[in-house]
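Here we start with a single chain on its own, the form predicted on its own, put down as C-alpha cells.
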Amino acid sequence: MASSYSQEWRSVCDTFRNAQTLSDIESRKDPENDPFRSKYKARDLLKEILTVLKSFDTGETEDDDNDAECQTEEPVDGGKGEACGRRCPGDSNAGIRAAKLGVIEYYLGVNHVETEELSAGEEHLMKCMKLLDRCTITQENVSLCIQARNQLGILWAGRDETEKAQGFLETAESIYIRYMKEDGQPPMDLTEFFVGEEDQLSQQERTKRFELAYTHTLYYLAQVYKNLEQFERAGKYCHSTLQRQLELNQFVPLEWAINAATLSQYYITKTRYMEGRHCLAAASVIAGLAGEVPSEAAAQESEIEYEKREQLRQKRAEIARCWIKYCLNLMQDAKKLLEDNIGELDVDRQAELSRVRRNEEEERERERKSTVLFSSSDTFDSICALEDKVSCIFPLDFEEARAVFLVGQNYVGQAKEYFEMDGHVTDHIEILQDHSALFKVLAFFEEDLERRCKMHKRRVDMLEPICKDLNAQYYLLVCRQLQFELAETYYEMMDLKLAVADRQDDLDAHTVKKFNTLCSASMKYYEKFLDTARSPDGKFPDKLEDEVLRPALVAKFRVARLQSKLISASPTVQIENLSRSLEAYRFVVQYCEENPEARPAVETELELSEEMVSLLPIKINRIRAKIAVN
C-alpha cells in the first residue's frame, strides 16, 4: 500500500508515532481537571491516519476483493455471517491493507475504552475483528487477532458479561495454539505496520511481544474462570501466567509475588501442598527483588520512601500470612487423617500412614515437582533453598509437626511486625487466632498431657488480654470468636486435667482447686459469649439467629457439663452445681422442642441433654437423701 506515496506514507508513520507518544507518555502528565487531554489528541491523529489509509489505493480495492488468492475458509473463531465465505491470505495485498486498517481501529478502540467510552471502544474493536475475519491467520495479523480479542474480553468482563468475555478469550487462545502449531514464526507487532524498514523489530523482540500478548490472554482467562467458579481451570491458567511472566522477565516483583502467594492458597484448599509451598517460596524470593525496605528515618524525610516502605512491609507481611495458613492447614489436614472418633491420635492409623509414606510419597513428589516449577535461572536456587526449610508432606508425629509449627510461628512474628494492634486491629487478631490454632493442632501430636495443657495455656495467654480490651460494640464478631475460643481452650484444659486426675488415686487440694478454676474460667467465657446474644435489657432471645444457633446451644450444653464437673466436698454445694447443670440441659432440650428446626444443628448435644435431664434429678435426690440421713 502507498508505494507511490512514499512521502505521504512517511507522514502517516510520523503521525502514528506521535499518537503513540501522546497516548503512552504524554498522558501521564495530564492535569487532574483534564485527565484525557493527550488521549483525545491521540484519537484525532488516529482518525487522520484512518482517513488517509482509506484514501490510498481506492482503485485497487475491488480488484483485491476478487483476488485470485482469496479462498473459502471457516473463520478461526467459528463465527457466522460476514466472517464466513471468501477469505484472503493475510499476507496478500488485501490482507495487509485489512491489517493496517485493523491496527488503527484497534488503537481507536483501546483509546475509547481508556477514556471510559466503552460503547465506542467496542464498536472500533469489532470493526477491527471484521476486517481481520476476511483474511486467513498469518504472520502479519495473528498478534492483532489475539490482542483485539483480549481487549474485547476485558471490556465484556468489565460489564459482568463473563461468558461473552470467555468466548473472545478462548478464541484468542485457540488462535495462538493453532498459529504456533502450523507456522510458529515470530509474527509482526502491531506497531511495525507504521515504521520504516530500518525500525522493524528483531525476531527476538517480535517473539517477546507476541508471547506477552498471549500471556495476557491466559491472565484474563484465569480471572474469567475464577468468576465462573471454575477454580481448577483458574488455578491452572494463573500458574501458567506467572510462569510465562518469569520466563519473559515481564513482571512487577511485588505484584507477581502477591499473585503467587494467592495462588498458593488455592493449592492449599486442594491439599496440593507441594505446589502451594513452591508458590510461596517463589513469592518470597521474587518479593525480595523489589529491594530493601527503607529505614524509618528515610521514610520520615521523603514521601516516596514512606510509600515504598509501607508497600514493601505490607506485601511481605501478607506473604508471611499466607505461609502461616500453609503451615496451619498442613498440620490440620494431617490431624484429620490421624484422629480417631473422639479426636485423639490413632496410633494404628499413624503406623499405617507412615508405612504408606515410605513407599509412595517421595516418588510421587518427584513426579509432580517437574510439572509445576517456576523456572528462572536467577531465582531457582533461592526458591529451592526456601522450600527445603518446610515439609510439604503431612506430619505424622510430634517432631515432624513441631518442625512445621516453628516455621509457621516464625512467619507469625514477621506478619505482626506490620499488622500491629494499633492501626490493624482485625488483621492483628486474625494473626493471633492463627497462632493459637497452630498451638492447638501441635497439642494434638503431643502425648504428654501436662505439656499439652501448657500449650493450651499459651493460647489463653495470647488471646485473653486482647479479649478483655476489645470493645464489643465495635468488634462484636471478633469478640464472640475470642470468647468462644477461650471458653473452648479452658474446656480442653479441664478435660486434660480430668484425664490426669483419673490416673491418680487421691486428688490433693491443689489439683481440685486448679480443676475447678479451669471449669469456672470456661463457664465464664461461655456465659460472656451467650450474653452477646441478649437484648439490651438482658433478655435472651426466643429464637436465635442462624449464625449463633449452634455455638449458643453448644455453649449452654458445655456450661451444663462444666457445672456438673465442679468438685466440692459439700453436699449442699454439689446440689447447687447439679441444679444449675440441670437448668442448662433443660434449656437446650426446651429450645429444640420450641424450635424443631434447630435439632439437626445440635443432634449429639441434644441427645445427651435429654439423657441428663432424666438422670440428674435422680442424682440430686440421692444427695438430698444422704443429707437427710446425716
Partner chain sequence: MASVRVAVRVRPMNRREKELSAKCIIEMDGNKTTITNMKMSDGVTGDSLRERTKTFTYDFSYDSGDCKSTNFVSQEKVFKDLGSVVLKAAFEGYNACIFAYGQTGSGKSYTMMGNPGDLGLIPRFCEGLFTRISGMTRADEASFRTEVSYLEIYNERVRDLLRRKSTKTYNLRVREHPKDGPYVEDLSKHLVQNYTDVEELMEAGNINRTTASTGMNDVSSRSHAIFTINFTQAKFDAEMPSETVSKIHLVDLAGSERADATGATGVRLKEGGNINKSLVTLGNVISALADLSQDGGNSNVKKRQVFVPYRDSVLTWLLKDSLGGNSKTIMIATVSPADVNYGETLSTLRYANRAKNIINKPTINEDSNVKLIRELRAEIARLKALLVQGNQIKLLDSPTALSMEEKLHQNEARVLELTKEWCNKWNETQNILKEETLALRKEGIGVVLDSELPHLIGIDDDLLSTGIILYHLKEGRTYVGRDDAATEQDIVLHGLDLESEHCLFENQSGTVTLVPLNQAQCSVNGMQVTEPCQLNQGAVILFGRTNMFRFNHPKEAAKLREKRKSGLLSSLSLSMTDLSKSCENLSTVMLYNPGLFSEKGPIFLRLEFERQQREELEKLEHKRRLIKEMEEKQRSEKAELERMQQEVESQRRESEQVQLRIRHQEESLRRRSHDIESRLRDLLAEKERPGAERQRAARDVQEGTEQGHDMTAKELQEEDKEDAEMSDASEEKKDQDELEREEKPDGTEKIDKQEEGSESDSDDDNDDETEKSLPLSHAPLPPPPAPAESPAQQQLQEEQGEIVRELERLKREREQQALRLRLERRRLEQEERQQVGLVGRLEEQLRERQEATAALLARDDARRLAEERRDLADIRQALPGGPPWRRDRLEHYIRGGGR
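Numbering follows the first chain given and starts at 1. Whichever C-alpha set is largest while still superposing within 1.5 Å between the two forms counts as the rigid core. Predicted model, so just to flag it, every value in this text is computed and none were measured.
Quick note: we don't show the form predicted together with the partner chain, though the next part is all about it.
You can rule out all but one of 108-116, 515-523, 385-393, 93-101: in the model of the complex, only 108-116 has residues with a heavy atom within 4.5 Å of the partner chain. Looking at Arg558, you'd find a heavy atom of it within 4.5 angstroms of the partner chain in the model of the complex.
At the 4.5 Å threshold, heavy atoms of Gln481 reach the partner chain in the model of the complex. In the model of the complex, the partner chain lies farther than 4.5 Å from every heavy atom of Phe540.
Although the partner is absent from this view, Asp14 stays clear of the partner chain in the model of the complex, with no non-hydrogen atom inside 4.5 angstroms. Three-residue candidate spot Leu46, Lys54 and Leu353; no residue lies within 4.5 angstroms of the partner chain in the model of the complex by any non-hydrogen atom. In terms of contact with the partner chain in the model of the complex, the residue from Gly167, Gly121, Gly235, Pro187 that brings a heavy atom within 4.5 Å is Gly235.
Checked against the partner chain in the model of the complex, the residues Val195, Ala403, Leu337, Ile154 give one hit for a heavy atom within 4.5 Å, which is Ile154. With contact defined as any non-hydrogen atom lying within 4.5 angstroms of the partner chain in the model of the complex, the contacting residues in 306-344 are Tyr306, Glu307, Glu318, Arg321, Cys322, Lys325, Asn329, Asp333, Lys336, Asn341, Ile342, Glu344, given in sequence order. For Glu464, a C-alpha deviation below 2 angstroms is recorded between the shown form and the other one after rigid-core alignment. Relative to the superposed core, Gly95 shifts its CA atom by less than 2 Å between the shown form and the other one.
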